[in-house]
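A lone chain, given as structure tokens: the form predicted alone.
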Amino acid sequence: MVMSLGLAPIAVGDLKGYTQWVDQPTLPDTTLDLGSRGEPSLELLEEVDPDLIIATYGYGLVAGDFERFAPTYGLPLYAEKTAPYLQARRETQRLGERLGREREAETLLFRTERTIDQSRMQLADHKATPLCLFTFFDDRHLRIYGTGSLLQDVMDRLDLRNAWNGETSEWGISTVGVEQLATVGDARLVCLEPIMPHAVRMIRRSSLWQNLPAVRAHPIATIPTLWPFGGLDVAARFASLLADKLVSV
């Protein structure tokens, strides 16, 4: 979210994980890795002498542990009952005010809405088949995105139907066995990359997978890497990538 407002952080937690699971926006080569997101290096944090420390507190991190290094700023995206997309809009404006980037925040809000509107028009003739959106957890389990997720909020704005109506966690996901995909019938499967090698092997070899109604009905569609728990930059990118993928098949 900081990057989407035109600022580059000097250091982040889990730089390797960001590269693998988030990808965009691309962090500068000069970005320092603070180590684990759940247990960043306090020694390195003291050395870089930051002006502000931004984090989602309450998931293993406590703001009080970092206040001796710099002012702290909490960025809740799933911490309240507000739908993730509306929460992302609100937090974008709040972060913009804190960083002195109000104009950039308003531009991001406008650009995101415009991208979603354009994607919805692009999909006007491709809305009949419901979708099932997921990530491979391992070769036997999936994380399916449904009610309460940012991606579901975007799908709603694109007038797309989600074939999955199972119970979801506070993050808007259901972690289920691969066999549960049988419950979505012949919905189109949409998988977020990256797809780990063990999952690729399962797709190629598993008779269970090959005989799922959804697999037999449509080729699986893949979406390039994006962080499904992110902010408006993710929402816009997801809408655009999904529209391009569905229109091209």
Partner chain sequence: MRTDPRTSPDLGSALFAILALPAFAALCLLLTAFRLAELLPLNLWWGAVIAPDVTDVGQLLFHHSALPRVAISIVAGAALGLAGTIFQQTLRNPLAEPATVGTAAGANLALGTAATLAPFLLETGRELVAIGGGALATAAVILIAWRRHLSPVSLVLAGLVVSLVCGSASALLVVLDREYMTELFIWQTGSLIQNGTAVVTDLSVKLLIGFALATSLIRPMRILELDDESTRSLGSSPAVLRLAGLIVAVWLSAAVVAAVGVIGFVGLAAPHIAGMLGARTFARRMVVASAGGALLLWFTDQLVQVLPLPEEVPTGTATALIGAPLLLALLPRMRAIMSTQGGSDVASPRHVIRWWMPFAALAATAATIALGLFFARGVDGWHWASGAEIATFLPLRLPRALVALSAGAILAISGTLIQRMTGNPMASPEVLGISSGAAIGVTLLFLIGIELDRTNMVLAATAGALLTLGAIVMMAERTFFSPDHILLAGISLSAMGTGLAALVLASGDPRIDFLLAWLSGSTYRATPGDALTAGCVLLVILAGSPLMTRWLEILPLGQATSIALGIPLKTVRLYILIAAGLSAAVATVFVGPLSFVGLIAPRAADYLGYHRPLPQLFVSAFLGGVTMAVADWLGRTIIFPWQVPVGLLIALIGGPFFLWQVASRR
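On a predicted model such as this, the values are computed, not experimentally measured, just so you know. Positions refer to the first chain, counted from 1.
As for the form predicted together with its partner chain, it is not shown, yet the points below apply to it.
Residues within 4.5 angstroms of its partner chain in the model of the complex, judged by any non-hydrogen atom, belong to 141-149 and to none of the other stretches in 123-131, 141-149, 86-94, 157-165.
At least one heavy atom of D14 is located within 4.5 Å of its partner chain in the model of the complex. In the model of the complex, its partner chain lies farther than 4.5 Å from every heavy atom of T19. Among heavy atoms of P71, none comes within 4.5 Å of its partner chain in the model of the complex. Heavy atoms of E179 reach within 4.5 Å of its partner chain in the model of the complex, making it an interface residue. This chain appears without its partner; in the model of the complex, the one residue of T175, T115, T135, T82 with a heavy atom within 4.5 Å of its partner chain is T175. Checking I54, C191, L27, M202 for any heavy atom within 4.5 Å of its partner chain in the model of the complex turns up a single hit: M202.
Residues of 17-55 that come within 4.5 Å of its partner chain in the model of the complex, judged by any heavy atom, are Q20, W21, D33, L34, G35, S36, R37, G38, E39, P40, S41, L42, E43, L44, E46, E47 in sequence order.
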